[in-house]
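First come two forms of one protein chain, each written alone as structure tokens, so that there is a structure 1 and a structure 2.
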Structure 1
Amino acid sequence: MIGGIIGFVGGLAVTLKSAWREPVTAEYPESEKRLNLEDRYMGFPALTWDGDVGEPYCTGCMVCVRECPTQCMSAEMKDNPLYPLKSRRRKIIDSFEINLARCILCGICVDVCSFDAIEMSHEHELSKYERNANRADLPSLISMGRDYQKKIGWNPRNPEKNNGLPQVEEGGLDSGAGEAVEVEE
């Protein structure tokens, strides 16, 4: 009997102690005091923007489309109009669509991309007013990506390889840009 009371009062003491504790929750979405996202937070995938050239990093190689476990992406490539004068990329993405409602945020697309073209942004809110609004197209993916790049100060993981600027060497542009020599003359 006595033991029962002691155990019970002990539990109440724990509750009483927490009455003076700071709240650990934050109101959502009204409150200004939001819980911060970690740097590595994986939100929806977004396409990165190459500010030096003025085009996305994505060349439309389709490897992320093939490797996606839920087949939530589709992409088409085109010849890059900026190649070879302004950009080193021969092909560039023409259209890209990700069904964000279908995406499982696994990050496999980021792993397989060898052009640093896709990143998991910090975008994570899915509520939309229209039925098809979660199908993100190329402009919205790029704007998501640019927001993300600006927020975390993004740098390409492999800058030498994925630098989009045409590299002018002695005797012309870099290898593989045969026609470019004529343009330069």
Structure 2
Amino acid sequence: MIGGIIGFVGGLAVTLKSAWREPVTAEYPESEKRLNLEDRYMGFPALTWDGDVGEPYCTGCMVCVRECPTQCMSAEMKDNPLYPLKSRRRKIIDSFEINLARCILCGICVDVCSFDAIEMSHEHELSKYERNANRADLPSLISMGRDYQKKIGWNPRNPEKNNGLPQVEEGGLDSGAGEAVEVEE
């Protein structure tokens, strides 16, 4: 009987101590009580934007589409109208769609992309009431990507390789012929 009372008093002491402690959980729907997301958080995929040229980094090479384990992506490319004067990308994305209901947020698309064109954004609140309504098209993917880039101050991992600005050879010489090359400005 004494052991039961001691156990009861001990349990009551733990309960009373935790009653005055600050809560460690956040109530989700209330925006002022939400926790901040870390930069490493992986939400849904988004397409990044090259602000120097004014076009997406994506060239439509389809590597991410081929490597996706759930085949939730589709893409088409087109000739870049800004090439070669304003951009060094020959091809550019024409259409891109991700079925977010099928996406498993694995990040393989980000790992295989050679152009820094796709990143896992912080977006996670994209639920819909219809079964097939949770699809993200090119404008919405670019919008998510631009928001993500602005929020975390994103820069490409390989800026010298993936910069879309045309490169001018130094000294006006072509790399192989040894002749002067005219550069239009």
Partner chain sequence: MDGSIDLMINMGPQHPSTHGVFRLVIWVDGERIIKSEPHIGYLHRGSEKICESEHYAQIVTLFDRMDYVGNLNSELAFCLATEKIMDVDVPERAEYIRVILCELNRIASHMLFYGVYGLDAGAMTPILYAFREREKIQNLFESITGARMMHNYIRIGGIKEDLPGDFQKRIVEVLDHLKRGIEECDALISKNEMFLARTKGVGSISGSDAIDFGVTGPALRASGVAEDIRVTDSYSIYDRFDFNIPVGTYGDCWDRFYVRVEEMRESIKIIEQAVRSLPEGDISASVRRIVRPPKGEVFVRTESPRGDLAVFLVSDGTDKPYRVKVRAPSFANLQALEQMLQGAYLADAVLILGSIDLIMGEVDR
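For residue numbers, the reference is structure 1: its sequence is counted from 1. We call the rigid core the largest set of C-alpha positions that still match within 1.5 Å between the two forms. This one's a predicted model, so the numbers in the text were calculated from it and none came from an experiment.
Colleague: Which of the two shown corresponds to the form predicted together with the partner chain?
Modeller: Of the two forms shown, it is structure 1 that corresponds to the form predicted together with the partner chain, while structure 2 does not.
Colleague: With both forms fit on the core, is the shift of the CA atom of residue 9 between structures 1 and 2 2 Å or larger?
Modeller: Comparing the forms between structures 1 and 2, which are aligned on their rigid core, residue 9 does shift its C-alpha by 2 Å or more.
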